[in-house]
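Consider the single chain below, provided in structure tokens and representing the form predicted alone.
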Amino acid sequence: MSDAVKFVLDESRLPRSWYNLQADLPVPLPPVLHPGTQKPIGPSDLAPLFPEELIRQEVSLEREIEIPGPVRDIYRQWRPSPLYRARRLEKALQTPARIYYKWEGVSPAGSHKPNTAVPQAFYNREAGIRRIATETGAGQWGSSLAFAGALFGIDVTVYMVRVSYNQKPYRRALMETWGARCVASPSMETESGRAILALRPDHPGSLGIAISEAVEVAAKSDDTKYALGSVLNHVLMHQTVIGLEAMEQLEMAGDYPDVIVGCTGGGSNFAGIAFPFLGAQLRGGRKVRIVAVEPAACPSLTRGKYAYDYGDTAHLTPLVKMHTLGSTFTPPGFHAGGLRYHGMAPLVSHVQELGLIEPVSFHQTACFQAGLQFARTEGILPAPEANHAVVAAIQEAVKCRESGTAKTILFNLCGHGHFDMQAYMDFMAGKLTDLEYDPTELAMALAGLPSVT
């Protein structure tokens, strides 16, 4: 058999609906709370930020939400995305494991993020919105929303975490190519940004701060809505096209995963690959081990507290129950900028609390080493975020070699690293080091969690 094994679905097999895990949860999600009253919020509380249809999807308990025709038409540009069997990697590892990866780097923006950027832009356009404010870490989400905004005639302003704004100028240039305006965060454009800079003029930024700036702009502007690239229920649901396709492709291969691996920052690509399989399990199907991989320098699942917290640093958002490092926590400036968020999606946090997923963490040098091994065997250069899934999949495959068990491993290769070459150059030159979070800062951030009665 050839080393290159690719499973491709005809575009007629593109999913017609997104999958909503909330329909199959054995225990419902804790409610989202109003920060003032600490009572569950209603749709009217979210109306200043999101169009009505996205609010409906956020709280829906329906198992399937139909994908609108115009969204499916755009999806067809790159979906269904391919599934590969990583035979050359298997051979290099001398493992009996079968390793499959779902390749999301084929989208125009080079990652999984357009899977939700396109429907979010569509629903905003349908609601008459012509401006969207958002945040981005590494730039994958910002560039994806810029792409979607260009398609639907929406002006997009992106607050990009400052350390990534400086590290990744080509991702910023891509946003501007699609017509978006990209601003280094914290910025002088918002009250929350100015407050942060007054305390620390050289602040590297964080996703929590960038969210505060974007939310502030949307909340103060009648003609502007807010869009989030991860964390929220509707965002995770839009990403399930990944896992739904993978199910069919593995059926073509005559296989089914024993282990599913995904990197986790806010939780969207992880949910995209894992939730359809987890839902099948909850409905009585085959049990799978699901491994959530996060950076050791920003370990919300492995070191955070499961508690109600704000989604942003300036405390402009509602309170959600999630694994959190504290909304004021600022992670060090490691290169996987898309994983530098203080919290984890409530749905991902909830299923961890139910014992349905296993969290692990890795430092960045181990991740980059795995990315190089993957590039030199499979030929694809992963994004720094995706390297977290690669290193965990390799670790699982090595366990199979050591135990002599032939398990099937599936992971989501959520984006390419073509705009991250400086990080790879630094790693190969021995300049990249493992960064540790400040335990004192973490303790202070956790001590400042809101008191919820």
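Predicted model only: the values in this text are computed from it and were never measured. Start at 1 and count along the sequence shown; that's the residue number.
Not pictured, yet referred to below: the form predicted in complex with a further copy of the same chain.
Contact between residue 377 and a further copy of the same chain in the predicted complex is found at the 4.5 Å heavy atom cutoff. Residue contact with a further copy of the same chain in the predicted complex: residue 177 places a heavy atom within 4.5 Å of it. Taking non-hydrogen atoms only, residue 78 approaches a further copy of the same chain to within 4.5 angstroms in the predicted complex. Residue contact with a further copy of the same chain in the predicted complex: residue 141 places no heavy atom within 4.5 Å of it. Residue 428 is the only one of 428, 27, 61, 47 with a heavy atom lying within 4.5 Å of a further copy of the same chain in the predicted complex.
Proximity to a further copy of the same chain in the predicted complex, defined as a heavy atom within 4.5 Å, singles out one entry of 122, 147, 226, 100, which is 147. Exactly one of the stretches 83 to 91, 235 to 243, 306 to 314, 212 to 220 approaches a further copy of the same chain in the predicted complex with heavy atoms within 4.5 Å, and it is 83 to 91. Taking a 4.5 Å heavy atom cutoff to a further copy of the same chain in the predicted complex, the contacting residues in 402 to 438 are 416, 418, 419, 421, 422, 424, 425, 428.
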